[in-house]
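Only one chain comes next, encoded as C-alpha coordinates, the form predicted on its own.
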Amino acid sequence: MLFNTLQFAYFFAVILVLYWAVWKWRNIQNLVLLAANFYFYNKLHYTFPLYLIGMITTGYCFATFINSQNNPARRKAILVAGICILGFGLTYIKYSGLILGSITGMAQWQASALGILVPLGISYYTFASIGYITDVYRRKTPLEKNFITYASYISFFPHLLSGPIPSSVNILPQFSKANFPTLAQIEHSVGEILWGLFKKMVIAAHVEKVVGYCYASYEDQNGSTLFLGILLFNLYLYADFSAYSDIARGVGRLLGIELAQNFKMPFFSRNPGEFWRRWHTSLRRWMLDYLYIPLGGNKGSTAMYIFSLLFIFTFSGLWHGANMTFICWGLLNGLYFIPYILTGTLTRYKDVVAKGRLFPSLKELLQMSLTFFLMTLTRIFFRAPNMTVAKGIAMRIFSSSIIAAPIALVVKSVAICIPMIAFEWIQREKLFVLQISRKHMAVRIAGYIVVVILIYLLHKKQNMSEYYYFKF
(Lines give C-alpha, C1' and ligand atoms only; values in the text may rest on other atoms or scores of the structure.)
Protein backbone atom coordinates (compact mmCIF):
# COMPACT_ATOMS: atom_id res chain seq x y z
CA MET A 1 0.00 0.00 0.00
CA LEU A 2 1.71 3.19 -1.19
CA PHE A 3 1.31 6.54 0.55
CA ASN A 4 0.49 8.25 -2.75
CA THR A 5 -2.68 6.23 -3.46
CA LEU A 6 -6.37 6.65 -2.75
CA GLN A 7 -6.30 3.20 -1.19
CA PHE A 8 -3.97 4.49 1.52
CA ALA A 9 -6.01 7.67 1.96
CA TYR A 10 -9.18 5.62 2.66
CA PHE A 11 -7.26 3.26 4.96
CA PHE A 12 -5.71 6.09 6.95
CA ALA A 13 -8.99 8.01 7.25
CA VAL A 14 -10.65 4.96 8.84
CA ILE A 15 -7.72 4.31 11.17
CA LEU A 16 -7.54 7.95 12.23
CA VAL A 17 -11.23 7.98 13.23
CA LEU A 18 -11.04 4.67 15.09
CA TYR A 19 -7.75 5.58 16.77
CA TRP A 20 -8.93 8.87 18.25
CA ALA A 21 -12.40 7.55 19.05
CA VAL A 22 -10.75 5.59 21.89
CA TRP A 23 -8.18 8.23 22.88
CA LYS A 24 -8.96 7.83 26.60
CA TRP A 25 -7.81 4.20 26.53
CA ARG A 26 -4.21 3.97 25.38
CA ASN A 27 -4.08 0.15 25.34
CA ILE A 28 -7.11 0.03 23.04
CA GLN A 29 -5.49 2.70 20.87
CA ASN A 30 -2.42 0.52 20.52
CA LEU A 31 -4.58 -2.47 19.63
CA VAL A 32 -6.21 -0.43 16.87
CA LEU A 33 -2.78 0.67 15.75
CA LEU A 34 -1.41 -2.87 15.83
CA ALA A 35 -4.30 -4.13 13.71
CA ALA A 36 -3.68 -1.26 11.27
CA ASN A 37 0.03 -2.09 11.12
CA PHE A 38 -0.54 -5.73 10.22
CA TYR A 39 -3.31 -4.91 7.75
CA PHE A 40 -0.98 -2.43 6.07
CA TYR A 41 1.82 -5.00 5.85
CA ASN A 42 -0.53 -7.80 4.82
CA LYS A 43 -1.67 -5.74 1.82
CA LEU A 44 1.92 -5.96 0.52
CA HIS A 45 1.99 -9.76 0.82
CA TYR A 46 0.15 -12.19 3.05
CA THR A 47 3.35 -13.88 4.29
CA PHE A 48 5.04 -10.70 5.51
CA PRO A 49 3.17 -10.46 8.86
CA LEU A 50 4.52 -13.89 9.85
CA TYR A 51 8.09 -12.66 9.66
CA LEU A 52 7.15 -9.46 11.50
CA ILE A 53 5.47 -11.41 14.33
CA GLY A 54 8.62 -13.48 14.75
CA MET A 55 10.80 -10.36 14.85
CA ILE A 56 8.59 -8.65 17.44
CA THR A 57 8.35 -11.71 19.69
CA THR A 58 12.10 -12.35 19.54
CA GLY A 59 13.00 -8.77 20.43
CA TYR A 60 10.49 -8.65 23.26
CA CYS A 61 11.73 -11.93 24.80
CA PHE A 62 15.41 -11.07 24.60
CA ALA A 63 14.86 -7.63 26.13
CA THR A 64 12.95 -9.32 28.97
CA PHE A 65 15.77 -11.85 29.49
CA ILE A 66 18.42 -9.10 29.52
CA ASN A 67 16.45 -7.02 32.00
CA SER A 68 16.00 -10.00 34.34
CA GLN A 69 19.76 -10.45 34.73
CA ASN A 70 22.14 -8.49 36.93
CA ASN A 71 25.27 -10.41 36.04
CA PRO A 72 27.14 -8.32 33.41
CA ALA A 73 28.53 -11.37 31.60
CA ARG A 74 25.11 -13.00 31.31
CA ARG A 75 23.52 -9.75 30.13
CA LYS A 76 26.16 -9.41 27.41
CA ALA A 77 25.82 -13.05 26.36
CA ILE A 78 22.05 -12.68 26.01
CA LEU A 79 22.51 -9.44 24.08
CA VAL A 80 24.94 -11.05 21.63
CA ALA A 81 22.61 -14.02 21.15
CA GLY A 82 19.68 -11.67 20.57
CA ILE A 83 21.57 -9.61 18.00
CA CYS A 84 22.65 -12.78 16.18
CA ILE A 85 19.12 -14.21 16.06
CA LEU A 86 17.47 -10.90 15.10
CA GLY A 87 20.12 -10.27 12.47
CA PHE A 88 20.07 -13.79 11.04
CA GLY A 89 16.98 -13.25 8.88
CA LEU A 90 18.36 -10.01 7.45
CA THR A 91 21.79 -11.56 6.83
CA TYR A 92 20.41 -14.73 5.25
CA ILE A 93 17.87 -13.05 3.03
CA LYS A 94 20.10 -10.22 1.82
CA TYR A 95 23.52 -11.85 1.75
CA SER A 96 23.15 -15.62 1.37
CA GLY A 97 23.39 -15.30 -2.41
CA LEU A 98 26.79 -13.63 -2.11
CA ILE A 99 28.06 -16.02 0.57
CA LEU A 100 26.72 -19.30 -0.82
CA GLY A 101 27.47 -18.38 -4.41
CA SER A 102 31.18 -18.23 -3.59
CA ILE A 103 31.23 -21.84 -2.33
CA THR A 104 31.74 -24.58 -4.91
CA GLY A 105 28.73 -26.82 -5.35
CA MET A 106 26.31 -24.45 -3.61
CA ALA A 107 24.68 -22.98 -6.74
CA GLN A 108 21.38 -24.79 -6.18
CA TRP A 109 21.24 -23.79 -2.54
CA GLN A 110 22.07 -20.24 -3.56
CA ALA A 111 19.17 -20.19 -6.00
CA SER A 112 16.87 -21.43 -3.27
CA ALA A 113 18.11 -18.73 -0.91
CA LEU A 114 17.61 -16.00 -3.47
CA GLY A 115 14.15 -17.38 -4.23
CA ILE A 116 12.90 -16.53 -0.75
CA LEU A 117 10.28 -13.82 -0.67
CA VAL A 118 12.09 -10.89 0.91
CA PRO A 119 9.93 -8.98 3.39
CA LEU A 120 9.90 -5.31 2.43
CA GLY A 121 11.58 -2.93 4.84
CA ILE A 122 13.33 -5.81 6.64
CA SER A 123 16.39 -3.68 7.49
CA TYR A 124 14.37 -1.01 9.26
CA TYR A 125 12.52 -3.11 11.81
CA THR A 126 15.57 -5.35 12.25
CA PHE A 127 17.65 -2.31 13.19
CA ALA A 128 14.84 -1.00 15.40
CA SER A 129 14.67 -4.35 17.24
CA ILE A 130 18.45 -4.59 17.68
CA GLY A 131 18.58 -0.98 18.85
CA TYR A 132 15.88 -1.64 21.45
CA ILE A 133 17.51 -4.68 23.08
CA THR A 134 20.87 -2.86 23.04
CA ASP A 135 19.34 0.17 24.77
CA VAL A 136 17.76 -2.11 27.39
CA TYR A 137 21.16 -3.74 27.90
CA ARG A 138 22.80 -0.31 28.30
CA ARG A 139 19.91 0.77 30.58
CA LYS A 140 19.29 3.75 28.33
CA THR A 141 15.64 2.79 27.99
CA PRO A 142 13.43 0.93 30.48
CA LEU A 143 12.00 -2.46 29.58
CA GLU A 144 8.58 -2.19 27.93
CA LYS A 145 6.56 -4.87 29.71
CA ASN A 146 3.40 -4.33 27.68
CA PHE A 147 3.72 -6.57 24.60
CA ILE A 148 1.03 -4.66 22.68
CA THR A 149 2.81 -1.36 23.24
CA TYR A 150 6.15 -2.79 22.10
CA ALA A 151 4.59 -4.50 19.08
CA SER A 152 2.89 -1.25 18.06
CA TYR A 153 6.23 0.56 18.27
CA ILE A 154 8.19 -1.91 16.12
CA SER A 155 5.45 -2.39 13.51
CA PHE A 156 4.28 1.26 13.35
CA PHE A 157 3.17 1.41 9.71
CA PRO A 158 4.35 4.96 8.83
CA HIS A 159 8.02 4.04 9.36
CA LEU A 160 7.76 0.28 8.78
CA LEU A 161 9.04 0.12 5.20
CA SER A 162 11.55 2.96 4.75
CA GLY A 163 12.12 4.54 8.14
CA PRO A 164 12.92 6.78 9.83
CA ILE A 165 14.53 4.10 12.01
CA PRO A 166 12.87 4.70 15.39
CA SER A 167 14.84 5.33 18.57
CA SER A 168 13.55 3.42 21.60
CA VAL A 169 14.74 6.26 23.84
CA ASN A 170 12.69 8.95 22.06
CA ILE A 171 9.88 7.15 20.23
CA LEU A 172 8.86 4.14 22.33
CA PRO A 173 7.64 6.21 25.35
CA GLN A 174 5.20 8.01 23.04
CA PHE A 175 3.26 4.76 22.60
CA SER A 176 2.42 4.71 26.30
CA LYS A 177 0.52 7.98 26.39
CA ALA A 178 -2.08 9.68 24.25
CA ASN A 179 -0.67 12.75 22.48
CA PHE A 180 -3.63 14.38 20.79
CA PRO A 181 -2.24 16.71 18.09
CA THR A 182 -2.93 20.43 18.35
CA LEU A 183 -4.30 22.45 15.43
CA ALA A 184 -0.76 23.73 14.76
CA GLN A 185 0.56 20.15 14.65
CA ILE A 186 -2.26 19.07 12.35
CA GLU A 187 -1.43 21.89 9.95
CA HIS A 188 2.27 21.01 10.22
CA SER A 189 1.41 17.43 9.28
CA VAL A 190 -0.71 18.50 6.32
CA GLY A 191 2.13 20.68 5.06
CA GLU A 192 4.68 17.87 5.29
CA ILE A 193 2.36 15.36 3.64
CA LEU A 194 1.56 17.72 0.77
CA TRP A 195 5.22 18.51 0.11
CA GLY A 196 6.05 14.81 0.29
CA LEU A 197 3.33 14.00 -2.23
CA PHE A 198 4.61 16.76 -4.52
CA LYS A 199 8.16 15.38 -4.46
CA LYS A 200 7.00 11.82 -5.08
CA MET A 201 4.20 12.34 -7.59
CA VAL A 202 5.63 15.27 -9.57
CA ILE A 203 9.42 15.35 -9.27
CA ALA A 204 10.33 11.66 -8.73
CA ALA A 205 7.66 10.40 -11.12
CA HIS A 206 8.86 12.63 -13.94
CA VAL A 207 12.57 11.84 -13.73
CA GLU A 208 12.48 8.15 -12.78
CA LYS A 209 12.20 6.81 -16.33
CA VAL A 210 14.78 9.26 -17.66
CA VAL A 211 17.26 7.98 -15.07
CA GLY A 212 16.48 4.40 -16.07
CA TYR A 213 16.97 5.27 -19.72
CA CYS A 214 20.39 6.84 -19.07
CA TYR A 215 21.67 3.82 -17.15
CA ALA A 216 20.17 1.29 -19.59
CA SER A 217 21.57 2.99 -22.71
CA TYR A 218 24.85 4.26 -21.24
CA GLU A 219 26.87 2.73 -24.09
CA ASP A 220 25.11 5.02 -26.57
CA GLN A 221 25.33 8.25 -24.52
CA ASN A 222 28.02 10.91 -24.27
CA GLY A 223 29.67 11.98 -21.02
CA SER A 224 27.57 15.10 -20.42
CA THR A 225 24.31 13.17 -20.85
CA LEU A 226 25.45 10.48 -18.41
CA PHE A 227 26.66 13.04 -15.87
CA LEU A 228 23.28 14.74 -15.95
CA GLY A 229 21.73 11.27 -15.72
CA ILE A 230 23.50 10.47 -12.45
CA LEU A 231 22.78 14.01 -11.22
CA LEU A 232 19.12 13.31 -11.97
CA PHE A 233 19.34 10.05 -10.06
CA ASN A 234 20.74 11.94 -7.08
CA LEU A 235 17.78 14.32 -7.23
CA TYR A 236 15.33 11.49 -7.85
CA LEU A 237 16.60 9.49 -4.89
CA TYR A 238 16.24 12.51 -2.63
CA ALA A 239 12.78 13.40 -3.93
CA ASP A 240 11.56 9.80 -3.60
CA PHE A 241 13.12 8.90 -0.24
CA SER A 242 12.59 12.22 1.53
CA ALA A 243 8.99 12.21 0.26
CA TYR A 244 8.35 8.93 2.08
CA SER A 245 9.97 10.30 5.24
CA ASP A 246 7.95 13.54 5.09
CA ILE A 247 4.66 11.70 4.66
CA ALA A 248 5.61 9.22 7.40
CA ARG A 249 6.28 12.10 9.82
CA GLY A 250 3.02 13.81 8.93
CA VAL A 251 0.98 10.61 9.27
CA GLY A 252 2.75 9.70 12.51
CA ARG A 253 2.10 13.11 14.05
CA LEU A 254 -1.62 12.86 13.25
CA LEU A 255 -1.54 9.66 15.33
CA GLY A 256 0.25 11.44 18.16
CA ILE A 257 3.72 10.03 17.39
CA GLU A 258 6.56 12.42 16.54
CA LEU A 259 9.10 10.65 14.32
CA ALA A 260 12.63 11.85 13.64
CA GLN A 261 13.28 14.27 10.79
CA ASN A 262 15.10 12.02 8.35
CA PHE A 263 16.19 14.68 5.84
CA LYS A 264 17.30 18.22 6.57
CA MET A 265 17.76 19.69 3.08
CA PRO A 266 21.10 17.91 2.49
CA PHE A 267 21.96 19.49 -0.86
CA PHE A 268 22.93 22.70 0.93
CA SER A 269 25.83 21.05 2.74
CA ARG A 270 29.35 22.49 2.80
CA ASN A 271 31.29 19.26 3.28
CA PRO A 272 30.60 15.49 3.32
CA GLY A 273 30.25 15.48 7.10
CA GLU A 274 27.44 18.02 6.99
CA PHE A 275 25.82 16.15 4.13
CA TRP A 276 25.60 12.95 6.18
CA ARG A 277 24.22 14.86 9.16
CA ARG A 278 21.38 15.94 6.88
CA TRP A 279 20.79 12.80 4.76
CA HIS A 280 18.99 9.73 6.20
CA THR A 281 19.70 11.00 9.70
CA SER A 282 18.06 8.06 11.49
CA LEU A 283 20.42 5.53 9.84
CA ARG A 284 23.37 7.77 10.65
CA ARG A 285 22.21 8.02 14.28
CA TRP A 286 21.82 4.23 14.51
CA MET A 287 25.31 3.62 13.14
CA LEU A 288 26.80 6.24 15.46
CA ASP A 289 25.15 4.78 18.56
CA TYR A 290 25.68 1.08 17.86
CA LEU A 291 28.82 0.93 15.67
CA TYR A 292 30.86 4.12 15.37
CA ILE A 293 31.00 5.20 19.04
CA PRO A 294 31.66 1.63 20.32
CA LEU A 295 34.58 1.49 17.86
CA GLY A 296 36.03 4.61 19.45
CA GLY A 297 34.72 7.25 17.05
CA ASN A 298 37.14 10.15 16.65
CA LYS A 299 38.58 9.85 20.16
CA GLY A 300 41.62 7.76 19.23
CA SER A 301 44.46 8.32 16.79
CA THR A 302 43.94 9.79 13.35
CA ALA A 303 44.53 6.35 11.83
CA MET A 304 41.83 4.78 14.02
CA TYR A 305 39.50 7.67 13.25
CA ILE A 306 39.90 7.07 9.52
CA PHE A 307 39.57 3.30 9.94
CA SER A 308 36.32 3.73 11.91
CA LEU A 309 34.88 5.99 9.21
CA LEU A 310 35.82 3.62 6.40
CA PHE A 311 34.36 0.69 8.33
CA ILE A 312 31.09 2.53 8.96
CA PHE A 313 30.69 3.55 5.34
CA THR A 314 31.59 0.07 4.10
CA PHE A 315 29.00 -1.35 6.49
CA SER A 316 26.50 1.17 5.16
CA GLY A 317 27.23 -0.02 1.63
CA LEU A 318 26.69 -3.65 2.63
CA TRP A 319 23.48 -2.66 4.42
CA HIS A 320 22.14 -1.50 1.08
CA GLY A 321 23.01 -4.76 -0.65
CA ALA A 322 25.49 -7.60 -1.14
CA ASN A 323 26.93 -6.13 -4.31
CA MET A 324 30.38 -4.78 -5.10
CA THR A 325 28.79 -1.58 -6.37
CA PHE A 326 27.40 -0.79 -2.91
CA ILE A 327 30.75 -1.55 -1.28
CA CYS A 328 32.45 0.88 -3.69
CA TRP A 329 29.74 3.45 -3.00
CA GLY A 330 30.34 3.18 0.73
CA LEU A 331 34.13 3.26 0.47
CA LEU A 332 34.07 6.28 -1.84
CA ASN A 333 31.92 8.18 0.64
CA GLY A 334 34.38 7.29 3.40
CA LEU A 335 37.41 8.28 1.32
CA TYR A 336 35.94 11.76 0.81
CA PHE A 337 36.49 12.45 4.52
CA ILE A 338 40.22 11.71 4.54
CA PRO A 339 41.51 14.98 2.96
CA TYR A 340 39.31 16.99 5.34
CA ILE A 341 40.55 15.01 8.35
CA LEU A 342 44.23 15.23 7.40
CA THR A 343 44.01 18.99 6.78
CA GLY A 344 41.81 19.67 9.83
CA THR A 345 39.08 21.28 7.72
CA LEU A 346 36.16 18.95 8.53
CA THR A 347 34.11 21.75 10.05
CA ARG A 348 31.01 20.72 12.01
CA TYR A 349 28.62 23.47 10.99
CA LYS A 350 25.92 24.27 13.56
CA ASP A 351 23.85 26.68 11.44
CA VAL A 352 22.35 26.37 7.98
CA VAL A 353 24.36 27.84 5.16
CA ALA A 354 23.91 31.59 4.51
CA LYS A 355 21.73 31.98 7.59
CA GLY A 356 19.68 35.18 7.40
CA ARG A 357 20.78 35.84 3.82
CA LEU A 358 19.11 35.13 0.50
CA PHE A 359 22.33 34.30 -1.34
CA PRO A 360 25.40 32.37 -0.18
CA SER A 361 28.91 33.79 -0.27
CA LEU A 362 31.24 32.69 -3.07
CA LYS A 363 33.06 30.40 -0.62
CA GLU A 364 29.79 28.80 0.51
CA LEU A 365 28.64 28.36 -3.08
CA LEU A 366 31.91 26.63 -3.99
CA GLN A 367 31.71 24.40 -0.89
CA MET A 368 28.13 23.36 -1.68
CA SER A 369 28.93 22.78 -5.35
CA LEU A 370 31.94 20.59 -4.53
CA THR A 371 29.97 18.56 -1.97
CA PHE A 372 27.05 18.09 -4.37
CA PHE A 373 29.45 17.06 -7.16
CA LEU A 374 31.22 14.52 -4.93
CA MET A 375 27.97 13.00 -3.73
CA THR A 376 26.62 12.85 -7.27
CA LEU A 377 29.63 10.84 -8.41
CA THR A 378 28.90 8.17 -5.78
CA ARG A 379 25.50 7.58 -7.40
CA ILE A 380 27.25 5.95 -10.36
CA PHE A 381 27.80 2.92 -8.12
CA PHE A 382 24.59 3.21 -6.12
CA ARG A 383 22.34 2.82 -9.17
CA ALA A 384 24.48 0.62 -11.42
CA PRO A 385 23.46 -3.09 -11.40
CA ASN A 386 27.10 -4.24 -11.55
CA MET A 387 30.67 -2.97 -11.74
CA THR A 388 30.79 -3.33 -15.53
CA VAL A 389 28.02 -0.78 -15.96
CA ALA A 390 29.50 1.49 -13.28
CA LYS A 391 32.92 1.41 -14.96
CA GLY A 392 31.39 2.07 -18.39
CA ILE A 393 29.48 5.11 -17.14
CA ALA A 394 32.49 6.50 -15.26
CA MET A 395 34.76 6.12 -18.32
CA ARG A 396 32.32 8.03 -20.50
CA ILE A 397 31.87 10.81 -17.96
CA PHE A 398 35.63 11.27 -17.54
CA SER A 399 36.26 11.46 -21.28
CA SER A 400 36.32 14.17 -23.92
CA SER A 401 32.60 13.62 -24.58
CA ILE A 402 31.86 15.41 -21.30
CA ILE A 403 31.98 18.67 -23.27
CA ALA A 404 29.44 17.45 -25.86
CA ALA A 405 25.87 18.71 -25.69
CA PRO A 406 23.60 16.48 -23.57
CA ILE A 407 20.36 15.16 -25.03
CA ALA A 408 17.33 17.40 -24.56
CA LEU A 409 15.46 14.77 -22.53
CA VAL A 410 17.81 14.94 -19.55
CA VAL A 411 18.12 18.73 -19.71
CA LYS A 412 14.34 19.01 -19.52
CA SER A 413 14.22 16.64 -16.56
CA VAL A 414 16.87 18.61 -14.68
CA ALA A 415 14.82 21.76 -15.29
CA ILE A 416 11.79 20.06 -13.71
CA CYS A 417 13.78 19.58 -10.49
CA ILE A 418 14.89 23.22 -10.20
CA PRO A 419 11.68 24.49 -8.50
CA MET A 420 12.06 21.84 -5.77
CA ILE A 421 15.62 22.95 -5.04
CA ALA A 422 14.66 26.63 -5.21
CA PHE A 423 11.78 26.26 -2.74
CA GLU A 424 13.95 24.26 -0.37
CA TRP A 425 16.70 26.88 -0.56
CA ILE A 426 14.27 29.68 0.30
CA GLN A 427 12.85 27.66 3.21
CA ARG A 428 16.11 26.04 4.34
CA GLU A 429 15.85 27.59 7.82
CA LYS A 430 12.41 26.03 8.33
CA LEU A 431 11.52 22.52 9.47
CA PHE A 432 9.78 21.85 6.15
CA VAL A 433 9.20 23.72 2.91
CA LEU A 434 5.56 24.66 3.48
CA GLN A 435 6.18 26.05 6.96
CA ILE A 436 4.99 29.65 6.77
CA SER A 437 4.55 32.10 9.64
CA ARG A 438 1.28 31.60 11.49
CA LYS A 439 0.65 35.32 11.07
CA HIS A 440 0.03 34.76 7.37
CA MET A 441 -2.87 32.29 7.27
CA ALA A 442 -4.00 33.37 3.81
CA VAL A 443 -0.50 32.80 2.40
CA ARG A 444 -0.30 29.37 4.00
CA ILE A 445 -3.67 28.26 2.66
CA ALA A 446 -2.82 29.64 -0.78
CA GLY A 447 0.47 27.69 -0.69
CA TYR A 448 -1.34 24.46 0.16
CA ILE A 449 -3.86 25.01 -2.63
CA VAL A 450 -1.13 25.72 -5.19
CA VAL A 451 0.72 22.52 -4.27
CA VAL A 452 -2.50 20.47 -4.51
CA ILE A 453 -3.21 21.95 -7.95
CA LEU A 454 0.33 21.22 -9.13
CA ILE A 455 0.08 17.62 -7.96
CA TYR A 456 -3.26 17.20 -9.73
CA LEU A 457 -2.07 18.76 -12.99
CA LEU A 458 1.47 17.41 -13.18
CA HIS A 459 1.52 13.96 -11.62
CA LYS A 460 1.75 10.97 -13.91
CA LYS A 461 -1.24 8.77 -13.23
CA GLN A 462 0.38 5.77 -14.85
CA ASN A 463 3.41 5.97 -12.56
CA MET A 464 2.61 4.16 -9.31
CA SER A 465 6.04 2.69 -8.66
CA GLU A 466 6.96 1.84 -5.09
CA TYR A 467 9.46 3.90 -3.16
CA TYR A 468 13.08 3.19 -4.12
CA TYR A 469 14.22 2.45 -0.57
CA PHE A 470 11.61 -0.29 -0.03
CA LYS A 471 14.22 -2.72 -1.43
CA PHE A 472 16.59 -2.00 1.45
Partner chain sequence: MKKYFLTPLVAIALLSTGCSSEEVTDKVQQKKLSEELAVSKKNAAEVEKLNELYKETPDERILENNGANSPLYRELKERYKTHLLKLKQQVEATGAKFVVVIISPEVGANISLLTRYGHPYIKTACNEIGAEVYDLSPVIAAQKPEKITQVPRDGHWSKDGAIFLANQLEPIIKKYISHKSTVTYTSAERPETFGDLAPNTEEILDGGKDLPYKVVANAQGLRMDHDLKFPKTKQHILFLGGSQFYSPFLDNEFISTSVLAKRYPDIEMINAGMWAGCTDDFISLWEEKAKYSEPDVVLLQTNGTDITDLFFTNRNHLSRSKKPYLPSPIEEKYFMETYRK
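Numbering follows the first chain given and starts at 1. What you see is a predicted model; the values in this text were computed from it and never measured.
Below: the form predicted together with its partner chain, not depicted.
**Item:** Answer range among 28-36, 57-65, 429-437, 401-409 for contact with its partner chain, defined in the predicted bound form as heavy atoms within 4.5 Å
**Value:** The contacting stretch is 401-409.
**Asked** Given that the partner is absent here, does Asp220 sit within 4.5 Å of its partner chain in the predicted bound form, heavy atoms only?
**Response** Close contact exists here: in the predicted bound form, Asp220 approaches its partner chain to within 4.5 Å, heavy atoms only.
**Request:** Examine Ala216 and determine whether its closest non-hydrogen atom to its partner chain in the predicted bound form is within 4.5 angstroms.
**Result:** Yes - in the predicted bound form, heavy atoms of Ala216 and its partner chain come within 4.5 Å of each other.
**Request:** With heavy atoms only and a cut-off of 4.5 Å, decide whether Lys209 touches its partner chain in the predicted bound form.
**Result:** Contact check for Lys209: yes, within 4.5 Å of its partner chain in the predicted bound form.
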